[in-house]
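Presented as structure tokens, the chain that follows is alone, the form predicted on its own.
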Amino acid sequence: MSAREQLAATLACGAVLAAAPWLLSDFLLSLALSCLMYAALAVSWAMFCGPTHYLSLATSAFFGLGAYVTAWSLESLPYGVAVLAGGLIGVAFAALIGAAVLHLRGAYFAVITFGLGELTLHLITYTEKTYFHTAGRIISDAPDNAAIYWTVLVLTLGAVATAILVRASRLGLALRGIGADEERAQTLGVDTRRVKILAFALSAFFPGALGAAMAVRWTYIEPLSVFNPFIGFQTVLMAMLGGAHTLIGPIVSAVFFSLVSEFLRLRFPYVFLLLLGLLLIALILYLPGGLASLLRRRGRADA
């Protein structure tokens, strides 16, 4: 399927999903909102990490920063502007840390990005307590559920459309070259440092914007809730389970995993977290290509 056909299919799906606030109950709409959010997070994570094989654990940092942009500015800025600002803050932060740490690879990059997320959490906590004398923020003037849903839907469609365009562009080709052999790509004329920073920053826009969009779902925001490492780990797991090198894989995995996790988290919270960790380790060690790689192997075997 060509990029144009994929974009058309994305818009068609978006038109169907836009009717959800009129058709679903509040509970089902909340569940649909969670599916959309994680689909966008998984797609944006896979946009950079899929072709380059980098393992970023910074998603929760971008998400939390976006949430705090809304918490700090919603009284003075329209909701849509706050969401856009959250995305741009994510881009700026990703470009900054990318310039500093994207020369690392493998476990080193994963540990550093996770550590930067924790550092950001403690920095926000220190700032709030020292300068504002508060541990959290109360959001009293929030838009209705339908407005939040449509905002997240637009961001999800934007993430999918951006991933499609990147995959079909020279940027996507350069990212795949970096993932295959970074030194060879550099020898062939790819400015690997610039490409990695650009793609990493672009992929960070959507977690930041989603954090800003979803912040109004909580009446009270404090650092531990929005800088939750669980958000980042679950995003990585969803993208890797579906196949981070594919487009549809992270979307299907995000929807399926959101529904299953909602059931398990409510009934078996500690067992769920244990299973989540074990599944992530198993995927990294034994199935880095996700379930999509199994389907490809089966297709070759049948052929």
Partner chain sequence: MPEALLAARAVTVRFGGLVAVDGVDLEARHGELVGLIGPNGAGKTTLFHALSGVLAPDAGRLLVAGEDLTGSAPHVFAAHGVARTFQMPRVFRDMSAEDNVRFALQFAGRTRRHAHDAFDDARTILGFLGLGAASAVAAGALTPARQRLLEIGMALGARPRVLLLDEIAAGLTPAELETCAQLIRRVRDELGVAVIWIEHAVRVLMSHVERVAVLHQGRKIADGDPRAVAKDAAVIEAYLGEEGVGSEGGRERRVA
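Since the model is a prediction, treat every value here as computed from it, not as a measurement. Numbering follows the first chain given and starts at 1.
Unshown form predicted in complex with its partner chain; subsequent notes refer to it.
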| property | result |
| --- | --- |
| One stretch from 152-160, 204-212, 85-93, 173-181 that, in the model of the complex, holds residues within 4.5 Å of its partner chain by heavy atom | 173-181 |
| Selected contact from A185, L74, I197, V166, since only one has a non-hydrogen atom within 4.5 angstroms of its partner chain in the model of the complex | A185 |
| Contact flag, P78 vs its partner chain in the model of the complex, heavy atom cut 4.5 Å | no |
